[in-house]
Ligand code: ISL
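Form predicted on its own, single chain, as C-alpha cells, below.
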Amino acid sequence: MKQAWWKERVFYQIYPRSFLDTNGDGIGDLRGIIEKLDYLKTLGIGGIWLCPVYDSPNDDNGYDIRDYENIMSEFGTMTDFDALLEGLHARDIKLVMDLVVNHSSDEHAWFTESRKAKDNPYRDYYIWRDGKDGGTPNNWASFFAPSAWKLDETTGQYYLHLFSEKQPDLNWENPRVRSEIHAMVNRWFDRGVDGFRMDVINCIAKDAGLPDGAGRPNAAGYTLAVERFANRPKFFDYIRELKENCYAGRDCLCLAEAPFTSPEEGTKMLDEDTGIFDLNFPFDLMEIDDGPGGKYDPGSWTLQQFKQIVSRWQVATEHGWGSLFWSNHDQARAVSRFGCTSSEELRIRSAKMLAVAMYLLRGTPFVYQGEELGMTNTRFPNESTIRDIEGINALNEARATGRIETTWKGILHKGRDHARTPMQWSTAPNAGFTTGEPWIMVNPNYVSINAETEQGDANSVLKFYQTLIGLRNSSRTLQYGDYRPLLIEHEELFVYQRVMNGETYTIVCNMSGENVALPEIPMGSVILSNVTQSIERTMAPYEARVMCC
C-alpha cells in the first residue's frame, strides 16, 4: 500500500455560510474560519474540505459559480483567502477546495455570451438543443425541477440543466471548455491549494445524441436519466486528461463526489495503478433510509444493510482508498438519522458510538462541522424557515400531487438545511455564530449543545472526538491496517478489527437501543469507551469499545 498524506489525516468539512460570521451580516465568512483554526488543530484535524467560496449569485448556495477565480463578496476577499491558506499551512492543515464544473451559474460570463446567439463563440460551451414534437429535446428530469431543459427565448433553443435552471451544464465535449477548466484548476494549485473535491463530477459526460431515459417518470412526465449521464465512458477520458494536465507532478488530492456509483464501479475508479481518483464519496449509505418515494419518503434501515454497504466498499478499495463519513452539507445530522436523540444521555452516547463505528474503518475520515458536538436536526416550524432549493422545489412538486404532508415530514427527517443551520459555538445569542440576523434559523438547543460548553466537559462529544482522532492519528494500524469484519450476521452489534504487523484493534459498537450480550470474540484491553462503567459481557445501548492486543 502506497503511503500518502491524505490517507493519514482526518478531514473536516466546512460549510462557510454557516461556520462563523465576523462582520455581523448573518453570513459566515473566511475571517470566521481563520478565527477558529486553533479549534480545528486542537480537534486533531489535518485537512479541510471547504465548500465553494467562489463568486456566486447563490441560487444553490455557492454551487452555482459566477466566477471561478474570485471570492464571494459575502465571504470576504482573495486577501482573506490567502490569509486562510497561510494560517492552515502554518498549522500543517491541508486545504481541499470544492470544484463545481459539471455546471456553472447562468450568470457566468461564458453563459451570458452563450445565450446571445447561435453563432456566438461561447455557444458550444453549454448544451443547447432544439425542441422535439413541440416539447423539450428529451424526457430528462432535473434533480431540482421537473424538466432538465429550459427554453431560452433569445434563440428559441433549450439548454440542459441537470440541477437548477440557473445551473446550465457545461459541454465537456468542447475541448476549449476542458482547456479553460484545466487552466483555472492550475491557477488554484499554483496559489497553494492541496487538492479538489469535485462536485457531481461523474455526470460531466452525457450519452451522444442525448437519448431519452428509461426510468420512472415524475409527475410532469420526465425521468431522471441516470443511465445517460452518470459514469459514462468519456467521463473516464475527461478525468484522465484533467489529471495529466493539472495533477501530474503535484502532491495533491483528487477527490470525487460520484453519485450512482456501485462498489464495483468504485473499484475501477480508485485502483491505485489504473484508476482516476484518490478518493470518492459514494452515496449508498446516504440512501439507506430512502423509501419507495425517494429521499423525502424515508423508510427504515437495518444493521445488516449497513454492514453490507460498509464491507462492499472496504472490499472495493482494497487496491485503492475509501472515504469515511456520516454526513455532509447535503445530508441531515448523523445522530438524528443513525443514533438516538430521545434523551440527552443517549444523544451523547450514540454520537460517540457513531464516531467509533465509522472513523476507525480503513479509509480517510471526513467529519462534518458540528458533528463533533453531536449537533442534531432542527425542528423547522414551517416551510418559510427552510432555505434549500431542493427542499423548496420538492414541496412545490408535492402540492401538485397531494403529498405535501408526507414530503414535509421527509424534509424534517432528511432535508439538507439540517446540516446548514449555524455552527453552535457558545450560549451567546445565535449560538455565538453572528451578532446579526442569521441567514437561516439557529437550532434552539444551542444552549446545551455548543463548543464552549463541551470544551469544559470531560465527558462531552467534543472531548471524545478529540481523543478518538488523536488515537487514529497516532496509530499506523488504524491508518493502514487491514479491515476484518466479525459477527457479520449479528443484528445489533457492528464489530470489526484493524490488523497490521501483529497488532490488532477490535472495535465493538452496539447500534441498538437495547442491552446486548457480547458473544465470544477476541477482546484485548479496552483503550477507549463511551460508557463510564462497562459490563464485561454486556453492551449497553449505543455503547462502543475499542480494544487493542
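Residue numbers here begin at 1 and follow the sequence given. Bear in mind that the values here come from a model prediction, so they are computed numbers and not experimental data.
Beyond what is shown, the protein has a form predicted in complex with the ligand; the following relates to that form.
Taking a 4.5 Å heavy atom cutoff to the ligand in the predicted complex, the contact residue among 420, 472, 206, 115 is 420. For the options 228, 94, 161, 329, the residue carrying a heavy atom within 4.5 angstroms of the ligand in the predicted complex is 329. With respect to the ligand in the predicted complex, the three residues 12, 41 and 323 uniformly fall beyond 4.5 angstroms at the level of their nearest heavy atom. At a distance threshold of 4.5 angstroms between non-hydrogen atoms, residue 110 is out of contact with the ligand in the predicted complex. A residue is said to contact a partner when one of its heavy atoms sits within 4.5 Å of a partner heavy atom; residue 54 fails this definition for the ligand in the predicted complex, lying far away. With a 4.5 Å cutoff on heavy atoms, residue 236 does not count as touching the ligand in the predicted complex; it lies far away. Contact annotation for residue 68: none of its heavy atoms lies within 4.5 Å of the ligand in the predicted complex. Only one listed stretch (395 to 403, 126 to 134, 212 to 220, 191 to 199) carries heavy atoms within 4.5 Å of the ligand in the predicted complex, and that stretch is 191 to 199. Contacts of stretch 266 to 295 with the ligand in the predicted complex, defined by any heavy atom lying within 4.5 Å, are made by 283, 295, listed in sequence order.
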